[in-house]
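Here you get one chain, nothing else, as structure tokens; it is the form predicted alone.
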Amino acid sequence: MISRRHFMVASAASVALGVATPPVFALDRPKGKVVLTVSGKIGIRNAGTAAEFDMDMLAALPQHSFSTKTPWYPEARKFTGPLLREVLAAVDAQGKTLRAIALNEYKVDLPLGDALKFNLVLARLMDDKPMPVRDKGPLFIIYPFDSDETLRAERYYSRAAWQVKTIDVLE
């Protein structure tokens, strides 16, 4: 159930992030295994100074899919999950840079503006199936490389992050 406070805060965050449709999501405490922690410059938290998500919470956000070719697979693959900007709106992200940290502690920074400009998906499914850790899962920040020619460049390929466990919202 959505609390009025959460809806109003999430709606305000959606406007700040430029998201046309406010997320319909309450940031309750995760009931399952935590798969994503968002920290840093966020206004909505559910675990001390951070916001934690289990897979059901991410699946409860509006889901988006696209198929795209990537440098990592020989054929186009279908990726499904919430838009990254909707996850950021759910926590009222206020920074300019996102630091994605993978399970193996690999870190990559990407501009928050990428999440606003492009339909980045925080993919939880590939070809309609959960992604195992050995195949870039359970979460993969993926750009729609085939939707915009400018995205087919090393600059954006290097910003795609798999096995994401943490997103730190920086200044």
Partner chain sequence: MNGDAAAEPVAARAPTSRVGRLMVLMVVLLSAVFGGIGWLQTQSLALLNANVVYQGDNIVWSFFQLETESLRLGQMLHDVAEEKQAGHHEALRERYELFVSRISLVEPHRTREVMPELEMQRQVLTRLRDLVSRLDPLLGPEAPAQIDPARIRVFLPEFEALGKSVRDLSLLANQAVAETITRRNEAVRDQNRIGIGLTIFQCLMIGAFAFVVVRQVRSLEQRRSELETLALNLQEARAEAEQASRTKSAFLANMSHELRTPFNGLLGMMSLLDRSSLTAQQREYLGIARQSGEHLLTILNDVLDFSKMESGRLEMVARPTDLRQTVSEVQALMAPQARDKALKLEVEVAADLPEVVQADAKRVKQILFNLLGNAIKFTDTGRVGLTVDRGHTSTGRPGVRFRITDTGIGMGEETRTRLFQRFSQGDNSISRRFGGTGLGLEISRTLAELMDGEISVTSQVGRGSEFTVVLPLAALDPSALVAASGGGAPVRIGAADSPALQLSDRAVADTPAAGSLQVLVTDDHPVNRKFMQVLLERLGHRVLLATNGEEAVVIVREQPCDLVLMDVHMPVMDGLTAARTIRSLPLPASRVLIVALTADAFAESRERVRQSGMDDFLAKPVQLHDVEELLRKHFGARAVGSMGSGASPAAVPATAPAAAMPASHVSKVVVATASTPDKPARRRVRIKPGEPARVLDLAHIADTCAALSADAYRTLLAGFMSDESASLSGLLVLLEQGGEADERAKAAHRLKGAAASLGLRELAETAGALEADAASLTEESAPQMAQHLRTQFETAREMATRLGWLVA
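Residue numbers count along the first chain shown, from 1. Please read all numbers here as calculations on a predicted model, not as lab measurements.
Same protein, other form: the form predicted together with its partner chain, not shown, and the subject of what follows.
With a 4.5 Å cutoff on heavy atoms, residue 103 counts as touching its partner chain in the predicted bound form. For residue 134, a non-hydrogen atom is located within 4.5 Å of its partner chain in the predicted bound form, even though that partner is not displayed. Looking at 151-171, the residues that come within 4.5 Å of its partner chain in the predicted bound form, counting any heavy atom, are 152, 153, 154, 157, 162, 163.
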